[in-house]
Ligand SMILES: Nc1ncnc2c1ncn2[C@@H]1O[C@H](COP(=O)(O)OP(=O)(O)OP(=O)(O)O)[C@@H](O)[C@H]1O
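Presented as structure tokens, the chain that follows is alone, the form predicted alone.
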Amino acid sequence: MASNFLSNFNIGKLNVFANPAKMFFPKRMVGIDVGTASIKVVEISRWGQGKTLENYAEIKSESLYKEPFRNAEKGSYLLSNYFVSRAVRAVLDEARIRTKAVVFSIPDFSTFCTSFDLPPMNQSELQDAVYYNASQYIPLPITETTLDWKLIGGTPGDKQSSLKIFLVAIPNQVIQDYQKVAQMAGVELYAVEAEALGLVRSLVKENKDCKCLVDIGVQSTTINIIDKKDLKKSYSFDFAGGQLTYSIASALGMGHMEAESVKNKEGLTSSKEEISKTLYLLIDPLIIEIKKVLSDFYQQEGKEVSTVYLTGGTSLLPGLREYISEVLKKKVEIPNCFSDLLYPPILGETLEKMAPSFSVAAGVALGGLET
């Protein structure tokens, strides 16, 4: 069983679907985000131009197993197919989600995203040129990866216009893991998609200005630059929300669950100096990384980023948005991935609080409805 990428990339060039029958505009789609500590699912339906949030759910690894859904082994993150498939089946059953078609997000540490320039050429030459040059930028043999790409600069056929390509590569082994998970969980794998692409789709609504999208996960963080809804740069590094909890637990001599509660309730605004000081020391390297990415983008493109978006569960850390805004001297927002969807008004406040954790799952589900 094969898979395809989503987004506005060159799907027609890959055109490899898990189930060809699903090409014809499915009415419902489930996005699944397999994280380190939890699995999030979002079910969205489309009727005409309107999209409705049908269901959402989360299952934490600690509620089923002693181990996380992803484990670090010899420096790489491995998907436990057996445990993940059981957890996926459990959360779908608990939420009473009957839709079979699913899109899995692929985490940043399992994907390779890069951009590069090509000389002027015609549209007919472009795909071969991309594939020929891709090997220079990907640390795995091309035969071991599935590639997708998008033209993000220049005009094919213009002899004075160089072309800029954004390239995404996913190791075939990773795709095969998700195929096994889908089969074992009894669902139909419609597609897989890099997390960063799903985030852009669910969070970036305006087709103007440059934005920086920072996704703070349990194990890693990505910093993405978006220009007019196009993903231009994507960087991943080791800053993680889990480090904050661990540091509080160590500083105060408390258990993990208690430290997580203290972090979420007090954060940078804590009146206890040992808590706020510990968190500031960890947050500052994150801001340094953001500054570096923004500076590099300005030097390369000559464009200033107007707004920083935060997402991921840690984005709601009390005081974090204000502190980053103060240091960067930029507007910092926490966008709501559910804002354009229809849902009962009574759920508004709850969904707003949950949205940062569900941005990826919502984004890839939306992508499945668009292709």
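In this text, all values refer to a predicted model and were calculated from it rather than measured experimentally. Residue numbers run from 1 along the displayed sequence.
Just so it is clear, the following notes concern the form predicted together with this ligand, a form of the same protein that is not shown.
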Pick from S45, T307, N336, T36: which residue has any heavy atom within 4.5 angstroms of this ligand in the predicted bound form?
T36
Selected contact from T99, T111, S220, S270, since only one has a non-hydrogen atom within 4.5 angstroms of this ligand in the predicted bound form:
S220
Would you mind picking out the stretch of 291 to 299, 261 to 269, 142 to 150, 159 to 167 that comes within 4.5 angstroms of this ligand in the predicted bound form, counting non-hydrogen atoms?
261 to 269
Every residue of A57, R86 and A182 near this ligand in the predicted bound form, heavy atom within 4.5 Å
no
Any of the heavy atoms of R28 lying within 4.5 Å of this ligand in the predicted bound form?
no
Partner contact for A194 in the predicted bound form: this ligand, 4.5 angstroms, heavy atom:
no
At the 4.5 Å heavy atom threshold, is I216 in contact with this ligand in the predicted bound form?
yes
With a cut-off of 4.5 Å between heavy atoms, is L53 one of the residues that contacts this ligand in the predicted bound form?
no
Residue by residue through 309 to 333, tell me which have a non-hydrogen atom within 4.5 angstroms of this ligand in the predicted bound form.
G312, G313, T314, L316, L317, P318
